[in-house]
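Below you'll find only one chain, the form predicted on its own, shown as structure tokens.
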Amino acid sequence: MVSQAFNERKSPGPEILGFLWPAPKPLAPFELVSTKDETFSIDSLKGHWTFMFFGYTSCPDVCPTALTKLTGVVKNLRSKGADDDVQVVFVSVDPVRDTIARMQQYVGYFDKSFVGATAALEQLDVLTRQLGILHERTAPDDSGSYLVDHTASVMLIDPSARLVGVFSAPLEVESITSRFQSMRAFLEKQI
């Protein structure tokens, strides 16, 4: 009986682009500082479906585009009454320039419910390595300005703090919304 239940729980599942089933990845503890002036840790993920994006506030194109798309996803979910346990977290990989105050203003521009978080690079790497997020600061130009190359995918973390999905470019509101709802419906039946 037990092995049958285990096999049913680890069934192949639906074919959904970006869905990490049957191998969701549990996250290990990490600690960042959030725009809500509190610690953002693995406990901040529990009980929420979290769309997490890594970037920086000086990003010229990828970050504002991704956050605009996530704003659309949240609006779609709100219109369906399906957003009560959803959060969007923008994690800055440029802690030198991205102060909490700067990030608060930045994420608030997209949606007041969005959370920003960052930490020293050593602390950030505890989380980015788990999720396979790459980030590297480019050499500064003559004015001291620099870019940060970074992964442009949105990570989906379930209420048990497991990475369960990856939404890669091109990010499209309707596609992310429908794939998320399919992933969520399937995973909620597994509990």
Partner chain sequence: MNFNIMVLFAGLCFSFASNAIAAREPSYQIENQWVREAPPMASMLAGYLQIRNTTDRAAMLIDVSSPEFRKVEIHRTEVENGIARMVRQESVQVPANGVLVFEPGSYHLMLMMPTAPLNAGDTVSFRFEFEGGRSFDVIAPVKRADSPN
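Note that the coordinates shown come from a computational prediction; the quantities given were computed from them, not determined experimentally. Positions refer to the first chain, counted from 1.
The same protein has a further form, the form predicted together with its partner chain, not shown here; the description that follows concerns it.
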Open item on the list: Given that its partner chain is not shown alongside this chain, does residue 113 nevertheless sit within 4.5 Å of it in the predicted bound form, heavy atom to heavy atom?
Closed with: no
Task: Distance check, residue 51 to its partner chain in the predicted bound form, heavy atom within 4.5 Å - done: no
TODO: Spell out, yes or no, whether the shortest heavy atom distance between residue 33 and its partner chain in the predicted bound form is within 4.5 Å.
DONE: no
- [ ] State yes or no: in the predicted bound form, is some non-hydrogen atom of residue 78 no more than 4.5 angstroms from a non-hydrogen atom of its partner chain?
- [x] no
Open item on the list: 64, 68 and 134 - do all three of these have some heavy atom no more than 4.5 Å from its partner chain in the predicted bound form?
Closed with: yes
- [ ] Tell me, out of 124, 45, 163, 152, which residue has a non-hydrogen atom within 4.5 angstroms of its partner chain in the predicted bound form.
- [x] 152
- [ ] Taking only heavy atoms into account, state which residues of 42 to 64 are within 4.5 Å of its partner chain in the predicted bound form, ordered by sequence.
- [x] 56, 57, 58, 60, 61, 62, 64
